[in-house]
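Quick heads-up: it's one chain on its own, the form predicted alone, in structure tokens.
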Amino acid sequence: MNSVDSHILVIFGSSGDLTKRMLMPAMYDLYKKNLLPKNYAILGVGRTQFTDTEYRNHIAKGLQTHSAITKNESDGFLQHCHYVVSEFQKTNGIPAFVQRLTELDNKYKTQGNFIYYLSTPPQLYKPISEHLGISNIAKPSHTFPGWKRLIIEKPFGINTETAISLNTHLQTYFDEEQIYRIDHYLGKETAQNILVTRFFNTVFEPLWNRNHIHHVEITASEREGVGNRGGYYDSAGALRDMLQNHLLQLVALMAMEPPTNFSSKAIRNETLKVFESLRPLTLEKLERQVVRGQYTQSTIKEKQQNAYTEENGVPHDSKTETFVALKFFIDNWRWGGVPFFVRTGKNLPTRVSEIVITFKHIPHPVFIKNASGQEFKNQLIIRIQPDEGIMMRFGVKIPGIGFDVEPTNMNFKYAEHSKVSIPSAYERLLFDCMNGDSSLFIRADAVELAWKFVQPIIDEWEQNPDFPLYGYPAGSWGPKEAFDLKKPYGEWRQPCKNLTNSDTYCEL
């Protein structure tokens, strides 16, 4: 039985790319799985001049491209989609929107249950939320008594100051419990499986600490360059675009203490403690802990690749980083002294995101070395995307005389495990919001602490023009200095040892 309340999903910026590629396909998948309530509506809000029929045709084209369906299959879903022309960030756009929302609330009997999704540029977050507040539709009222929830996309500010300012503004009109800051990495099945792997299996949790783990590394690589997004990307860079949010959220899931229960409050309390325990980055050690890079021109498969500064919308003298690697520590009882390494970049050899936990050597090396003569440590690899799964590397005896040892892998892949389709990140997160479950959404205090942690890097890069910016050929694994950063603790795991220039990604 479906327990989701009747509601209206309002999408601001509904004719944009995110809505077409992610939100509508996710909603359609929920519809196909019978997970939407009987009474629901989707109200698109935007400046584009659409009638309801024209908007439905627009959505249908997007679904055919991104959901592999025919138009007829989506007709039942599309009848619940509506549209209103409104520049809602302006006061004169309010009456038409409120009138249409009222009509749909009466038609679908949704009792004033509204989800507001801000699929807009970040500069519109404040004016839209303010106008929702002054229109008396941000919280339960006599006219609309039901619940109200607000979903916003990253970036949640561009530094500590702006993050605090945004949170303060949003909390003027919405309670914190109403605000759902979405990070699609947390909606990925393998990211959620980190919690089950740790807290369900007794074989892992006793080893998940400084006594047994040598170091942790997280990689999030993208095969493509910035493409036509140079104008946006140059104002963000890899640190703001990936590390401050996606990667630190994965660190929190990986490093958190067991929650008292699996309520959203308990889970988010424990992830917050991780951010509170991050050892502050100091100016004196910054160059020894941070490597920033920018891709340079190269040739891949006889095709010339542009340097970052040759991309559309990028200034020729830009110092914006397309790669960043960071070494840091978590100062608490569980992780004291264990180094964490994270790296992310564009124009790397493949698209892959994974966590690698490397365990310490056995205390007494009975078997001195493996067959190749290389140093060997057990590893647990958690692949977030693509080819989602988990792999354990351990040593086995090579058949024959003697006790030569070689590493072998034990794999679990979601694609091979079940015939049940894996929901997309947006499908999972939208459904959670409909149910009022904020476990996988980011709380205001966590956002601010994450920004506070990386703020010294931002300040130093902005204030010190001599801070190194290392070039790396497009299609490589980043600058040499990133390898030097990790060298005392071993090499970065190479996700794809046999990768060719024609591969789009590597299997686990």
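For every residue, the number given is its place in the sequence shown, counted from 1. Remember, it's a predicted structure, so these values are computed and weren't measured experimentally.
Omitted here: the form predicted in complex with a small molecule. The next part is about that form.
Undergrad: Taking the small molecule in the predicted bound form, would Glu87, Glu130 and His169 all count as contacting it (heavy atom within 4.5 Å)?
TA: So, no: the whole triplet misses the small molecule.
Undergrad: Would you check, heavy atoms only and a 4.5 Å threshold, whether Tyr232 touches the small molecule in the predicted bound form?
TA: Heavy-atom contact with the small molecule at 4.5 Å: present for Tyr232.
Undergrad: Though only this chain appears here, would Lys154 touch the small molecule in the predicted bound form if you measure heavy atom gaps against 4.5 Å?
TA: The answer is yes: Lys154 has a heavy atom within 4.5 Å of the small molecule.
Undergrad: Is Asp241 near the small molecule? Define near as a heavy atom within 4.5 Å, in the predicted bound form.
TA: Heavy-atom contact with the small molecule at 4.5 Å: present for Asp241.
Undergrad: Is there a heavy atom of Glu189 lying 4.5 Å or less from a heavy atom of the small molecule in the predicted bound form?
TA: No - in the predicted bound form, heavy atoms of Glu189 and the small molecule never come within 4.5 Å of each other.
Undergrad: Between Tyr108, Phe412, Tyr185, Phe328, only one gets a heavy atom within 4.5 angstroms of the small molecule in the predicted bound form; which residue is that?
TA: Spelling it out, the residue with a heavy atom inside the cut-off is Tyr185.
Undergrad: If you check Arg292, Arg383, His82, His246 against the small molecule in the predicted bound form, which one has a heavy atom within 4.5 Å?
TA: Contact check passes for His246.
Undergrad: Want to guess which of 247-255, 136-144, 224-232, 429-437 is within 4.5 Å of the small molecule in the predicted bound form, heavy atoms only?
TA: The contacting stretch is 224-232.
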